[in-house]
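Shown below, as C-alpha cells, is a lone chain in the form predicted on its own; questions about how it binds or moves come after it.
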Amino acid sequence: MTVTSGSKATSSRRAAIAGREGVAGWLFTLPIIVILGLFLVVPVGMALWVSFSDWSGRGSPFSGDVSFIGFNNYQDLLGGGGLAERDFGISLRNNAWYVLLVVPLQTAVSLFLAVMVNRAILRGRGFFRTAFYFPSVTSSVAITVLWLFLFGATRAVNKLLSYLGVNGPNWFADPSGIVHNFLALFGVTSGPAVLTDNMALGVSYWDWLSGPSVAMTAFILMAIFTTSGTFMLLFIAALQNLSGETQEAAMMDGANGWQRFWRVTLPQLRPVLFTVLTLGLIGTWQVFDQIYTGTQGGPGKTTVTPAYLSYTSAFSNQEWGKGSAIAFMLFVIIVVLTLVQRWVLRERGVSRRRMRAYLPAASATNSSALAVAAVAEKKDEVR
C-alpha cells in the first residue's frame, strides 16, 4: 500500500511539472503565433476572400457593398475569352520562358563558380568570391538601371557586338521572340495551321513557342548575373563539408576529374541542389521589380509577368478580385512545380542494371579477398 501511494504521488508530481512546462512553452511561443496570425494568416485570408468578391478597393472588403461572386474572377482569367484571359496567358508564357532559362543556367553557373573558387590552388579566392557575390548585394533597381544603360540601342553591348560583326537589336524595344527569330533565319516566318489555329489561354500555340522576347532575354541575362553569386555561396559551403576520403578513394579507383565530379561530388550535393533549384523556381516566378523599373510590361506585353499583372490589375485597374486571383494561381503554380521538382530529385535506389555492372567486380574482389585469406592461413600453419 505504501509503495502504491508513493508511485501515485510521483506520477501526480510529474503531471504537474509537465503541465507547468506546457504552459511555459505556450507562453514562449505565443508572441510568434500572434505575429504570424496578424501579418500572415489574416492578410492571406483577406486576399482569398477578395479573390472571390467584386471589391473595387474602396472601403472595407467586408462591407455590405461587396458581393461574393464565387469563381468568376478565376473563370475570367482561365476561360473568359476576353482580354483578361489573353493577358494572363501572355504573362504565363513570358514567365515560363523566363523560368525555363534562368533556373538551370543560374544553377549551372553558380555551381561552376563554386567549384572554381573552391580549388585550393587558386590564388586570390577571397577576391573572386567577393567579386562574384557583389551583384547579389546590389539593389535590383540599380542593376536594372545599369542594364537599361548597357543594353541601349547604341550602348556598350551593341558596340561590343558590332566588333564581332553582329548588329545588335534594340533590346528593350524589340518584342519578337528569339525562337521565332532563329526560325526566320531559315525562312520560317509562320507556323503550321495546327499551331496557329489552336489556342490556350487566348494565346496560339505558335506564340507559346515563340521563346522569350529580345527584351525578356536581357532580363534573363540580368537575373543570371545577379543571382549566381548567392547560390555560389551555398554550393561552396556544401563543397567544404564533403569528405576528402571519398575523393581519394575515387582517385585510387582510377576515376578522372569529370568522373569524380559527376559520380562522387554531384550526388553528395543533392540537398543543396534541391535548395538552389527550389529558391530559384520561387524567385523566378515572382519576378516583379525588374519589370516595374525597366519596361513596365513592354514592348507589346512581352515582359509582363503574373506578379506584375497582379499588381496592375489591383492598383492600376482597380480590379482587386482579379489581382488576388492571379496571386493565388501563381501560388498554386509554384507549389505544384516545387512538388514535381522534389519528386524528380528524390532519392532512388540503385537499379538492377547498374548493380549488374558492379557485381563481377564485387565477385572478383571477394574472390581475391578469399584467396588472400587462404594464403595467410597457410602461412600461419607453416609457422
Partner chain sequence: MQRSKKMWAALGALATITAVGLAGCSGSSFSGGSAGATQNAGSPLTVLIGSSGDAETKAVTDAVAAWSSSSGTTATVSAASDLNQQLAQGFASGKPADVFYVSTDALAGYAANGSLLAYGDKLSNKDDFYPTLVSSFTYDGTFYCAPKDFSTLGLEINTDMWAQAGLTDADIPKTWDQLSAVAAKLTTADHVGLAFSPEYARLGAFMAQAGGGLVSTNGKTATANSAANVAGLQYVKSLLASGSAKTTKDLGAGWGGEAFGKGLAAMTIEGNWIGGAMKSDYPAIKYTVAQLPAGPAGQGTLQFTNCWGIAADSQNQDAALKLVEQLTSTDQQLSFASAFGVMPSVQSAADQWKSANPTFAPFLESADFAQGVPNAKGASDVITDLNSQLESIATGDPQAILDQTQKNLEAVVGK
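Residue numbers count along the first chain shown, from 1. Only a predicted model underlies this, so the values are computations on that prediction, with no experimental measurement involved.
Below, we turn to the form predicted in complex with its partner chain, even though it does not appear here.
Q: Which residue, Leu83, Ala131, Ile282, Leu78, has a heavy atom that falls within 4.5 Å of its partner chain in the predicted complex?
A: Contact with its partner chain in the predicted complex is made by Leu83 alone.
Q: Counting any non-hydrogen atom inside 4.5 Å, which residue from Ala173, Met251, Leu146, Leu161 sits next to its partner chain in the predicted complex?
A: Checked against the cut-off, the match is Ala173.
Q: Examine Gly70 and determine whether its closest non-hydrogen atom to its partner chain in the predicted complex is within 4.5 angstroms.
A: Result no; Gly70 lies far from its partner chain in the predicted complex.
Q: Residue-level contact is defined here as any heavy atom of the residue lying within 4.5 Å of its partner chain in the predicted complex; does Gly349 satisfy this criterion?
A: Result no; Gly349 lies far from its partner chain in the predicted complex.
Q: Give a yes/no on whether His180 approaches its partner chain to within 4.5 Å in the predicted complex, heavy atoms considered.
A: Heavy-atom contact with its partner chain at 4.5 Å: absent for His180.
Q: Might Tyr292 be said to contact its partner chain in the predicted complex, defining contact as any heavy atom within 4.5 Å?
A: The answer is yes: Tyr292 has a heavy atom within 4.5 Å of its partner chain.
Q: Is every one of Ala255, Leu269 and Phe274 within 4.5 Å of its partner chain in the predicted complex, counting heavy atoms?
A: Answer is no for this spot.
Q: Out of 292 to 310, which residues reach within 4.5 Å of its partner chain in the predicted complex, heavy atoms considered?
A: Tyr292, Pro299, Gly300, Lys301, in sequence order.
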